[in-house]
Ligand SMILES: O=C(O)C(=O)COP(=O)(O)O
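As structure tokens, one chain now follows by itself in the form predicted on its own.
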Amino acid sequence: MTKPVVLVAEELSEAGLAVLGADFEVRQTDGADRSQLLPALADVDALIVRSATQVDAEAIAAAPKLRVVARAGVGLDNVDVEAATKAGVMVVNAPTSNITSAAEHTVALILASARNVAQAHTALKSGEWKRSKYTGVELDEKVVGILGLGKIGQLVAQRLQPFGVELIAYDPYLQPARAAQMGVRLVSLDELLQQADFITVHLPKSKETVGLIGDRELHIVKPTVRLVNVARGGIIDENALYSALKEGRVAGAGIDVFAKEPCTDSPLFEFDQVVATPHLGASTHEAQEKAGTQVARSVKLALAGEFVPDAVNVQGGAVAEDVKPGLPLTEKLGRIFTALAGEVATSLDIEVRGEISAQDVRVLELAALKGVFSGVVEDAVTYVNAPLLAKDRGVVVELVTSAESPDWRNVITVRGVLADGRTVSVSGTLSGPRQITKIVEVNGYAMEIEPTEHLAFFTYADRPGIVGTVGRLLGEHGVNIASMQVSRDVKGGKALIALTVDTAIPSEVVEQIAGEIGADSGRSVDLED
């Protein structure tokens, strides 16, 4: 019997290779060399990479037998997940392989910054004995602010507690009760900035978090504050940090990640009080070994047709053909729901109505949760860890099915109750022979609109002139409207404008529109990856 072929395109730990064992034909190539990689893909069943191999549409097309791509690490920047999904190729990674290493490196930078370890080390090895110059500060009784309480943020909190610190955190998608269980007090971003003696970043990099700590924020921190970033470069604005250090508004920083990498020449390096490392958060032998063994196990499961816990684009195991087209739709509904809600709900219902309800649709619940939490947490969200994310945040989730669907052959709804009692809902369907994706309801307002990359919704009191005002303001800011629909409950009552636009609407423009039309709510939604 022919063994499945596993192509290892970059260095994999011995432990990872041992997991594969004798059940597979293991080949190796230099994945960074396209002239070697593309021919080597011709008859492989699985591909294991790290970060140097670009698994793009061309590479996937060169591998007609490929069933799984495994990235021995956390990120997936070098893997075209969309192209893999279209080709029916499962993509897996090792989402928890480096969380301990990243948390420990965070603590190392906090301590190094507090006690001037690197600076004193350099001076001493240069023949200088400067005890008084490098007097540091204790962590005991200091306030540590954690931006993002995902897996790494939680591990950092656990490791800092024995130092006698007070822990506060900013995480708009975590319930206060869950944070309290960890001994952490949730606060607003500004409160954290004003109160913290140390600030450490553990947020995903997104349009919302890039530049989150910028010039305004660094004008309201304590002048004795020390900032640490082992998450993603660009979340702390490096130019703003430079100015704050130069003007004495920040006492120090520990930086492991940069907006552009590799980074060997940063203005931040001129400051003695900046401790910098070259993206070492995941660089431990243990993290590398964990990554290798985790992806090797996932490859074995995938090639055996079994359930794969770390699959990021499809659910392991069999999914009915009638259900598969609903996966991307349901994930989009979840993402739209979170954008409309502005927070994670206390409870969520995923309602599936119509003919599709006769199938096993539990995967749609997972797809909805994946959408709800995508871009919210630092970790990669999968069909497996999405329910755990909901549980960790105290979200009660229920799947509701019914064969009755008066208006559509099938319709899927994500509905949730927020902390203040408000209900938010969004429904969608796949229409016609071509299975065109449509949003058919938002917060009780009926519509038919395609969920394109950029959407916006405004709820307001029904009256003349609103459509013109919205169009004028968007035009003034160079935002082109692709489509617009107006839905209302009764004449002269409440109305909803739903828009698809060609480019993202800046948040300040959304606020301006909402203000001028007196909107009860105004939200933009960006579904682009």
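Keep in mind the model is a prediction, meaning the values are calculated, not measured. Residue numbers run from 1 along the displayed sequence.
The protein also exists as the form predicted together with the ligand; that form is not presented, and the subsequent description refers to it.
Undergrad: Where, among 28-36, 483-491, 66-74, 462-470, do residues come within 4.5 Å of the ligand in the predicted complex by heavy atom distance?
TA: Every other range fails; the passing one is 66-74.
Undergrad: Evaluate residue 294 for contact with the ligand in the predicted complex, applying a 4.5 angstroms cut-off between non-hydrogen atoms, and reply yes or no.
TA: Residue-level check for residue 294: no, no contact with the ligand.
Undergrad: Residue 290: heavy atom within 4.5 Å of the ligand in the predicted complex?
TA: Residue-level check for residue 290: no, no contact with the ligand.
Undergrad: Is residue 500 near the ligand? Define near as a heavy atom within 4.5 Å, in the predicted complex.
TA: Answer no; every heavy atom of residue 500 is more than 4.5 Å from the ligand in the predicted complex.
Undergrad: Test of understanding: in the predicted complex, would residue 142 fall inside 4.5 Å of the ligand by heavy atoms?
TA: Looking in the predicted complex, residue contacts with the ligand do not include residue 142, since no heavy atom lies within 4.5 Å.
Undergrad: Between 353, 226, 370, 232, only one gets a heavy atom within 4.5 angstroms of the ligand in the predicted complex; which residue is that?
TA: Of 353, 226, 370, 232, the residue with a heavy atom within 4.5 Å of the ligand in the predicted complex is 232.
Undergrad: Out of 157, 282, 250, 110, which one falls within 4.5 Å of the ligand in the predicted complex, going by heavy atoms?
TA: Result of the distance check: 282.
Undergrad: Using a 4.5 Å cut-off on heavy atoms, which residues of 76-98 contact the ligand in the predicted complex?
TA: If the 4.5 Å heavy-atom criterion is applied to the ligand in the predicted complex, 76-98 yields only 98.
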